[in-house]
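Here's a solo chain for you in structure tokens, the form predicted alone.
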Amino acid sequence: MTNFLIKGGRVVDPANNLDGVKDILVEKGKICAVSDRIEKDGVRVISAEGKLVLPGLIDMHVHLREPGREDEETIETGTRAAARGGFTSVACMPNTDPPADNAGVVKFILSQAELTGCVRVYPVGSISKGLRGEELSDIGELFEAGVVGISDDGEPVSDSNLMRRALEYASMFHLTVISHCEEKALSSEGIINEGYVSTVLGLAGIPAAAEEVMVARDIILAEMTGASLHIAHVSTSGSVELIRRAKSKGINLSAETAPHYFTLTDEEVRSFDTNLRVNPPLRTVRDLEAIIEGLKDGTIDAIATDHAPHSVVEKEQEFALAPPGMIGLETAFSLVMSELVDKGVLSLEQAVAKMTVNPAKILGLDAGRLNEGADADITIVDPDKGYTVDAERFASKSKNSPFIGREVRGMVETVIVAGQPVLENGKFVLEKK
């Protein structure tokens, strides 16, 4: 294991209210010292002058597709994409094939991550067996196997009593329930956001109420049970307001959104680019503005990618037939820098918190901080380096991003996981952790 000294970077660590030029000494995989000036003989020096030195980014919502859809993504390619985007930890959703509704699948994911992954992988177990929303998974078994939360992401838990029981059982193990809020009776055969654009294009719409009805229900159940509830991929102004009110009442609640919900609207769908088909769908300018305000005032705690790889064959169909989802690991931080920090929506410290310490707290991870004694999970970024998003540069197995060709800034240069460099100067130097 390499010992090294990171010199002269701007260290931004919201967990420790730290923002200033510092040196960081790493020995035996741990952060040994963070100080204004550190001198140490016999260790390798990594110069970070003019760079941002951040806690390793955490994405609490990704789809790695393995097992079952290795044609779209694998744990190996997905974690490489994560490293390319500056993430040292990812939480993977359970809608694999077979789903992560039992200890065997969870242990397989952890084993594959150990064998082929280059960042930390935290499995999320399913709320219900087979993601069918009919019978609870054995949450105790999933907890013992190593899950950090439970979710039926991709499918809502329509049965309110089942959701109540999930919250109650999860709280026994101090697990967060991550809710995919969608009322299927309202979303039905919808393809894009219901509104003016869907009418003009002649595409079936998904009303904002399809999300908001379930957000409201789950907030009520969270208040009833006292359990920890997390609302995934918030996309509407109504959802933001419901979450804001619930938090003001002290309900044990957190929420995330994804970069596409604060950068894109349903107006973009006029291009019929199938990479713009996501679930929940891209919403209106009003919704986008509400998401931005929710990020700004703290209503939305975390920024996650909902990285959803699909093959070229799947996406090269007519819009209504293409599966929903876009990849996001490799563009997320640059979009946050370009669209939130540069535009004054969030300070750099606030933005970093939503991608480090906040998701760590929600999932109960000992991560997202740079204090002495912590694991050396570190991301170094050149904040001034602009670039054009290029599909040929993606480490992901899939290329379904609507941001290809977009000009952004903030190039991830170096990623260190448990004291081991994975990426240096934008190039992979370690195939697995």
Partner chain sequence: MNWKRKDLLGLEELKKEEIEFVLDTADSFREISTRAIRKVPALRGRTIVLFFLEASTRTRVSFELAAKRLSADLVNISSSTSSMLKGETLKDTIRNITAMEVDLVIVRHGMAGAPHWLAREIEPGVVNAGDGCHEHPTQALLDMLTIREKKKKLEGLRVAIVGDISHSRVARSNIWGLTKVGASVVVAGPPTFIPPCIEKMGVTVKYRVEEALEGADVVMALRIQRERQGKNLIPSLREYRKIFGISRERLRLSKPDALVMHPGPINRGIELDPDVADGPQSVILDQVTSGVAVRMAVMYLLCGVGKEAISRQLSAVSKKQKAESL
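Everything numeric here is computed off the predicted structure, so don't read it as measured data. Positions refer to the first chain, counted from 1.
Another form exists, predicted in complex with its partner chain; not displayed. Remarks below refer to it.
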Quick one: does residue 162 come within 4.5 Å of its partner chain in the predicted complex, counting heavy atoms only? no
State yes or no: in the predicted complex, is some non-hydrogen atom of residue 203 no more than 4.5 angstroms from a non-hydrogen atom of its partner chain? yes
Since only the chain is shown here, I'm wondering whether residue 146 would be in contact with its partner chain in the predicted complex (any heavy atom pair within 4.5 Å). no
Within 4.5 Å, heavy atoms only: does residue 115 come near its partner chain in the predicted complex? no
Given that its partner chain is left out here, which of 297, 97, 189, 134 has a heavy atom within 4.5 Å of it in the predicted complex? 189
Of 76, 194, 182, 301, which residue is found within 4.5 angstroms of its partner chain in the predicted complex when only non-hydrogen atoms are counted? 194
If contact means a heavy atom within 4.5 Å, which one of 356 to 364, 236 to 244, 173 to 181, 315 to 323 is the stretch that engages its partner chain in the predicted complex? 315 to 323
Sequence-ordered list of residues in 262 to 285 near its partner chain in the predicted complex, where near means a heavy atom within 4.5 Å: 270, 271, 272
